[in-house]
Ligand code: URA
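The chain that follows stands alone, in the form predicted alone, written as structure tokens.
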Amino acid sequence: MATPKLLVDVHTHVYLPRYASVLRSRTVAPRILTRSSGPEGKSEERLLILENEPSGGRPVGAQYWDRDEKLRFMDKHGIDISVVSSANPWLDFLSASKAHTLANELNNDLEQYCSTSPIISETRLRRLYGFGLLPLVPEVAISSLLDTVQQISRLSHLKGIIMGTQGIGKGLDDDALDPVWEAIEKAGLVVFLHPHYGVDGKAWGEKDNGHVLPLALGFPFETTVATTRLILSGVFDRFPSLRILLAHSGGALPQLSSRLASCIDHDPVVASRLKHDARYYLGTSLWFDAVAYGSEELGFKGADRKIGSKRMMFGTDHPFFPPLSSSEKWASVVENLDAIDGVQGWTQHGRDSVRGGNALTLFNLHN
């Protein structure tokens, strides 16, 4: 039986109950705190991911950890499948031993969350699949990371690993991570690379611009730099079957890829280091979510835009940036779907691929 056309969300987050409990137990960021708000002093929980966040963090509720809320959001917006990932800051704030233990527990929790989700009629596919977690913290033993890669590979509803940009303290281009990349490649898992720290806050100046600059620019710039460092390190030459999905459409990397290639060609330090032109890796090792909110931002792949539609996948960034009214649809869904429809040069087949076909192939989700 052929798999019907499905809308697949590859960028959607959850703070699993076990993880939320850890955040509630903390007194410094990252943490979930309770405070009073409004004239009646009604208490609310707020998530503080980084210190000195505008407005003292963001309100959180059941939509952050309740699976039924996730499914209701999907039903309201016509989303058939979500590939769910634990949201930042993952395990960055824990010791190596605690991170290893919690990673294994959360991976089992996420497998349960996904494996007991509803089945889509006329298919054997579940509504939910997931990205597991590695205990990527300083001083962790590489054997611990390899053990967790193997754990994730045995959990049939986890299709990859979500990862920040810090690695085990020196970034993802750290040579010490080569055994981890090798194990991920061998296991056939997809890495979802997601930012957390942004860039140096001093770049934003002294004016109060809320969270606009850190989120609109800081997050994608972090992804751009981290991925460029991976390319320059030769990771994709050493592990050519490694597959990495970049959050927020890869930041500025697609738009700057030709400039990057030119700089490499003219720099004797790196000119002979790579086996291919830097742009080659964007079409072989890298995939991109469509969380960009605009058609021009999505249609980047040089003169032949149809190539770009083969590397892109729909995403929502749920549960972040909710609408102001419960009756509204989420802008992150409506605007990103409109952007997919509006890319000049994409065929209808290409748009359908971005909405779901590419994800079904990348994550091997077929009947």
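The numbering used is simple: start at 1 and walk along the sequence shown. Treat the numbers as computed from the prediction; the structure is a model and nothing was measured.
Beyond the structure shown, there is the form predicted in complex with this ligand, which is absent from this document and is the topic of what follows.
S.K.: Please identify the residue among L33, V60, I49, V334 with any heavy atom within 4.5 Å of this ligand in the predicted bound form.
M.R.: Answer to the contact question: I49.
S.K.: Can you check whether D317 is within 4.5 Å of this ligand in the predicted bound form, heavy atom basis?
M.R.: D317 belongs to the contact set for this ligand.
S.K.: Might N104 be said to contact this ligand in the predicted bound form, defining contact as any heavy atom within 4.5 Å?
M.R.: Output for N104 is no: heavy atoms all beyond 4.5 Å of this ligand.
S.K.: Give a yes/no on whether H13 approaches this ligand to within 4.5 Å in the predicted bound form, heavy atoms considered.
M.R.: The answer is yes: H13 has a heavy atom within 4.5 Å of this ligand.
S.K.: Answer for N88 alone: is it within 4.5 Å of this ligand in the predicted bound form, judged on heavy atom distances?
M.R.: The answer is yes: N88 has a heavy atom within 4.5 Å of this ligand.
S.K.: So if I measure heavy atom distances to this ligand in the predicted bound form, which of the stretches 335-343, 319-327, 65-73, 22-30 falls within 4.5 Å?
M.R.: The contacting stretch is 319-327.
S.K.: Within 4.5 Å of this ligand in the predicted bound form, counting any non-hydrogen atom, which residues from 213-233 show up?
M.R.: If the 4.5 Å heavy-atom criterion is applied to this ligand in the predicted bound form, 213-233 yields L215, F219.
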